[in-house]
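Taking the form predicted on its own, here's one chain by itself in structure tokens.
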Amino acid sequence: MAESMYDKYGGFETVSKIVHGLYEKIARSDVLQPYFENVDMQQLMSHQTKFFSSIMGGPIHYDARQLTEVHRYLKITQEAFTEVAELLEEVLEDFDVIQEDIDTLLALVAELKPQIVQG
């Protein structure tokens, strides 16, 4: 059985660091900052850590069906979605994730675009 990306890159601790790195980049983005005003960032990063742990093959189950409901009122644009994907790619590169795994993760995230992009 092939090793999961979750295990390959160090499990929960590394996934948590990746998520924190992503949100550090998001905080510096003029495109994305407005979406995160008045948001409990600790809670959001906890959810995102579970989400990324799940899609990387970890033992944590994340139910993606709630994505539409959570994002419905945010009016997330294609531009904002693309910005997050680009920042995610950067942070994955920062953590020495190999390109094949980056491509896989970005493809998984791209599949969720219809549930996230509303505006």
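One-based numbering along the sequence shown. These figures come from a predicted structure and were not determined experimentally.
One more form of this protein, predicted in complex with a small molecule, exists but is not displayed; see below.
Contact check for V70: a non-hydrogen atom falls within 4.5 Å of the small molecule in the predicted complex. Although the partner is absent from this view, L92 stays clear of the small molecule in the predicted complex, with no non-hydrogen atom inside 4.5 angstroms. Using a 4.5 Å cutoff between non-hydrogen atoms, I102 does not count as a contact of the small molecule in the predicted complex. The small molecule in the predicted complex is approached by V84, whose closest heavy atom lies within 4.5 angstroms of it. Across the proposed site, M5, S54 and I98 without exception lack any heavy atom within 4.5 Å of the small molecule in the predicted complex.
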